[in-house]
Ligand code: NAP
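The chain below stands alone and is given in structure tokens; this is the form predicted on its own.
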Amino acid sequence: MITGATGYVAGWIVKHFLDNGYTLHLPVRDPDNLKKLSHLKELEKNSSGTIVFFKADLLKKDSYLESMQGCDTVIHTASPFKTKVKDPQKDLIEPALYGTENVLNSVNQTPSVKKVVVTSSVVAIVGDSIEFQSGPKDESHWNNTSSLLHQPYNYSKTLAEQKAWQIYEAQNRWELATINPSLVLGPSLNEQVTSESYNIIKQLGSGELKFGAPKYHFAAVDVRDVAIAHFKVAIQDELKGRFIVSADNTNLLELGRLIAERFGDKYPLPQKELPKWLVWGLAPIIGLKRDVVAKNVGHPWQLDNSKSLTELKLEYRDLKQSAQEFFAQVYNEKI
């Protein structure tokens, strides 16, 4: 069973399982919405696997019980990825935290389930890039700096993953693994992309940053590699625990320059750096908080992804390929 199947990352996870002949139970809000589910039906048609849709609601108690029956593995990907919201508690914390609790409580009521894979994030490991001043971070580290008022999305992912481990520790029937990807880039299987990643790529080509971009640091990974990680962890019993899935440490300016190598003649992509003092000064005008600027601009990421290389044996795609392919899809260009 895979939650959030219509999402950006989940689409590729669904594809991997279908291509390998699995039967998938996909709980969705409206199983009769043929337009929203058409890309998944197309994946099914071109594979040896099978999809069965179920009606479910992330915040409705026990709504996943029916779809979970007979499944030996549950993959929970459903969680909002938004950085600008009106009500962080309602829009981020509740769906991430209570959604995870709801799914795992249903797992506890479903004897067939032996393995759970939760899609977490590297922001559950590190809240702000200034934390890397003390050295690289691996899966043993937890974000303890985010809150409802500071980096609420990061906070939501941290609370949700911690809840997953809490529920796991209270039982002894099923195993748990979390996939902690960095910023996910690369082409979507669904034309209706709602991920924040899409908004970042759209902004880079829109001209908003044509006079320069800040060195706002983050890590990034291709969506197809994230899907492979989920697939491997789900089907191999010995793989459990947390897994950082991240290919490169980069920043907003560098990402723009990589895309500009292919599309710079047609789009006003950023080529120059906006100094940090200017970004800090403009922060309230451009919708950023000054403490976020202070703790992230100019501070490079240093994620240790060695566990994904040794245990999952991932071979990461090149960041330039991921960024350019994603940009081409967003702006309807040929690559």
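For every residue, the number given is its place in the sequence shown, counted from 1. As the structure is a computational prediction, the values presented were derived from the model and not from experiment.
Another form, the form predicted together with this ligand, is not on view; read the next lines as being about it.
No residue of the trio 65, 104 and 240 has any heavy atom within 4.5 Å of this ligand in the predicted complex. Contact check for residue 297: no non-hydrogen atom falls within 4.5 Å of this ligand in the predicted complex. Contact check for residue 24: no non-hydrogen atom falls within 4.5 Å of this ligand in the predicted complex. Looking at residue 36, you'd find a heavy atom of it within 4.5 angstroms of this ligand in the predicted complex. Although the partner is absent from this view, residue 79 contacts this ligand in the predicted complex, with a non-hydrogen atom inside 4.5 angstroms. Residue heavy atoms within 4.5 Å of this ligand in the predicted complex occur in exactly one stretch of 281-289, 57-65, 262-270, 303-311, and that stretch is 57-65.
195 is the sole member of 110, 129, 195, 249 with a non-hydrogen atom within 4.5 Å of this ligand in the predicted complex. When you look in the predicted complex, the only residue of 178, 158, 182, 151 with a non-hydrogen atom within 4.5 Å of this ligand is 182.
Residues 120, 121 are the members of 120-135 with a non-hydrogen atom no more than 4.5 angstroms from this ligand in the predicted complex.
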